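One chain comes next, on its own, written out as structure tokens in the form predicted alone.
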Amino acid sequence: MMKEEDRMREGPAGSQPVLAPTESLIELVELSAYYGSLQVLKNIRLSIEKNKITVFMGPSGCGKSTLVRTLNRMNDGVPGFRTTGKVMIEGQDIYASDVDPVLLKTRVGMVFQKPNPFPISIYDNVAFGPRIHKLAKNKYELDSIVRESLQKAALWDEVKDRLSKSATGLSGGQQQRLCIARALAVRPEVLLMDEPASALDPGSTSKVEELMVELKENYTVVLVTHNMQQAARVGTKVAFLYKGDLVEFGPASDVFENPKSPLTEKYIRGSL
């Protein structure tokens, strides 16, 4: 596993390297993950910075989706799943016993590969989280949250006159942006996106990519993708994973233009 040299310094002789101070929001410290006896992540150590887009990429089965799901404990209910090491958000281990997984998911929202709107109205999709978590004191405040979330997801102008219509009547790209609005409505700090454009047409993909770049102004975005061109277009930093190992991690331009690992170079060339 390659470590990020510009972020690490050696401790006293014989000790493990320690993380240098950063403006990071999330720290993964020797994170490993298992499904039963199968180890799918191996001692991952990296930092996710605030208001950046951090991309996890690699071939199918490399562990990138498992990795992103550890950031909001999405795999907690999977039989046999367990982790070792730490996932720290603002200095707090999210796997500690005093952390409420439900509240964690309001801080760390998630958008999945396929759009999954609820079979209810557009308005009620976005209002669902704020209602559950009692984020609005009255209908006026709830209306404001719904409108603001749809605006942030670049969807308001397209749906403002049909908020009472079923969300399932939207196009695939609109449904995915609705899911982004739904995630934003609970006011998260982090937005996880697991291949959010893989099921979309090129035009919708372009809109989602533009939206990701806009969202990093106010959110920390973590993107999983198998699309190297997408990673290069939107990524601030890129982590390349292979068979559960973090092979390389650094600025997107460095990873794509001057990869340090032969494995990374092979993957970028399409020969891995």
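We number the residues from 1 along the sequence you see. For clarity, every value in this text was computed on a predicted model and none was experimentally measured.
Although not depicted, the form predicted in complex with a small molecule is the subject of the following passage.
Worksheet entry | Options 210 to 218, 54 to 62, 231 to 239, 23 to 31; stretch whose heavy atom lies within 4.5 Å of the small molecule in the model of the complex | Answer to the contact question: 54 to 62.
Discussion item. Please tell me whether the candidate spot formed by Leu38, Val78 and Glu195 is one where all three residues come within 4.5 Å of the small molecule in the model of the complex (heavy atoms).
Written reply: Contact check passed for all of Leu38, Val78 and Glu195.
Worksheet item: Using 4.5 Å between non-hydrogen atoms, is His226 touching the small molecule in the model of the complex?
Response: Judged by the heavy-atom cut-off of 4.5 Å, His226 is in contact with the small molecule in the model of the complex.
Worksheet item: How about Thr66: is it within 4.5 Å of the small molecule in the model of the complex, going by heavy atoms?
Response: Thr66 belongs to the contact set for the small molecule.
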